[in-house]
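As a starting point, one isolated chain is supplied in structure tokens, in the form predicted on its own.
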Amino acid sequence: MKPRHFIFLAAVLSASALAGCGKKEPPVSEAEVKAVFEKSLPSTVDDKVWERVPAHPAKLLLQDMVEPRLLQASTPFVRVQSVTDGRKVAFLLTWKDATLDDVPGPALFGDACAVQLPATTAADVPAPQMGEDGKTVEITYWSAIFQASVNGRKDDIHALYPRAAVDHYPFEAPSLKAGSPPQQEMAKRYAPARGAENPMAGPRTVPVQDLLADGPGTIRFAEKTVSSGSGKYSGGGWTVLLVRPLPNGAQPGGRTQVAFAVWEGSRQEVGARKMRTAWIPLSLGSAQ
């Protein structure tokens, strides 16, 4: 092992303390992400199974290929662990982040992460930069802002701006019964994105969004979000669980590719401005 590589790996292992002091450290898989087969997938970031699932230290790279580029490195790596039940695959992502960013607003951006897989498993993989024409990639995106909403933060001006002073909103008029159709219709007038049925707006039931892409600048919503997940901030970093179906052609015992991205909100990272990986081999365990 080269000395520089050893130093990087040591940093990865020390960062694993983000998962919580006193927990057993998992083994390390340097060459690939190994999805261990389990009959049932873990449902939380604190599941005991993660103590024995191999962890891959995924090096993050600047997204400096298309505009808007990220030209100053932030998050250096993300620790990746994976479990599959033969139908779905779960990823546990752990990375350091000194600031918790989960409040939207002008010039405010949330922490986030994503996992990307080829939509169809084949020897000729799409470009890792969000696929290419005719070679679609599937993306599951998690947002700290979404997570805060799922955790119970109210979707109103007082929750987002605690010091705000509101004189009057028409949709809060005493003559409108709270929750009634007229009251809800009036509220939509003051929430244009929700009124336009923007999938990214309003209260959420899950902190993830499924997306598709055929290259930079082509990202779009999947017909339906079928993935799930949860995120937890502690000890100066994030631990995020993402659970999604295996893509077309991916089989237990087989192999495919996977890539990851991380956004640090406090550094104005959003959209294409992100730290990301190249394709990483993903081996899928089987029941045997």
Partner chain sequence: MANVHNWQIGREMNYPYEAAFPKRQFAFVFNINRCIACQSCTMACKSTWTFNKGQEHMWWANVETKPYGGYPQFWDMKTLELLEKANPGAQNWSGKPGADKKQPYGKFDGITVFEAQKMLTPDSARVLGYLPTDEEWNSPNIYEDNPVGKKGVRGELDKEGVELPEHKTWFFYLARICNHCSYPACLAACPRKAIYKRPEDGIVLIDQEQCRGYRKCVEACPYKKTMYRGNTRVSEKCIACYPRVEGKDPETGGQPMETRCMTACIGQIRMQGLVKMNRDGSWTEDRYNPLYYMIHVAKVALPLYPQFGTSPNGFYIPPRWVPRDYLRQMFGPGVDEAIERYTYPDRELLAVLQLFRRSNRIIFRYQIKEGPKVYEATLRGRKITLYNDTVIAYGQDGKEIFRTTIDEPLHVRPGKHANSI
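Positions refer to the first chain, counted from 1. Note that the rigid core is defined as the largest set of C-alphas that superpose within 1.5 Å between two forms. The structure displayed is predicted, hence computed values, not measured ones.
Absent from the display: the form predicted in complex with its partner chain. The rest refers to it.
Trainee: Can you tell me if Q268 lies within 4.5 angstroms of its partner chain in the model of the complex, counting non-hydrogen atoms only?
Mentor: Contact check for Q268: yes, within 4.5 Å of its partner chain in the model of the complex.
Trainee: Can you work out whether L176 and its partner chain are in contact in the model of the complex, taking contact to mean some heavy atom pair no more than 4.5 Å apart?
Mentor: So L176 does not count as contacting its partner chain.
Trainee: Any of the heavy atoms of R194 lying within 4.5 Å of its partner chain in the model of the complex?
Mentor: Taking the distances in the model of the complex, the answer for R194 is yes, it comes within 4.5 Å of its partner chain.
Trainee: Does G105 reach its partner chain in the model of the complex if we count a contact as any heavy atom within 4.5 Å?
Mentor: G105 belongs to the contact set for its partner chain.
Trainee: Between its partner chain and P68, I145 and Q209, in the model of the complex, does every residue show a non-hydrogen atom at 4.5 Å or closer?
Mentor: Per the other structure, all of P68, I145 and Q209 touch its partner chain.
Trainee: Counting non-hydrogen atoms within 4.5 angstroms of its partner chain in the model of the complex, say which of T121, T84, Q129, S149 makes the cut.
Mentor: Exactly one residue meets the criterion: S149.
Trainee: State the residue from M200, A73, A159, L100 whose non-hydrogen atoms include one within 4.5 Å of its partner chain in the model of the complex.
Mentor: Here the answer is residue option M200.
Trainee: Out of 182-190, 73-81, 88-96, 121-129, where are the residues with a heavy atom within 4.5 Å of its partner chain in the model of the complex?
Mentor: Comparing against its partner chain in the model of the complex, the contact stretch is 182-190.
Trainee: Taking its partner chain as it sits in the model of the complex, which residues of 74-97 have a non-hydrogen atom within 4.5 Å of it? Please list them.
Mentor: Contacts from 74-97: none.
Trainee: At a 2 Å cut-off on C-alpha positions, does G86 qualify as shifted between the shown form and the other one after fitting the rigid core?
Mentor: After core superposition, the displacement of the G86 C-alpha between the shown form and the other one stays below 2 Å, so no.
Trainee: Taking the rigid core as the reference frame, tell me whether A196 has a CA displacement of 2 angstroms or more between the shown form and the other one.
Mentor: The answer is yes, as the C-alpha of A196 shifts between the shown form and the other one by 2 Å or more after core alignment.
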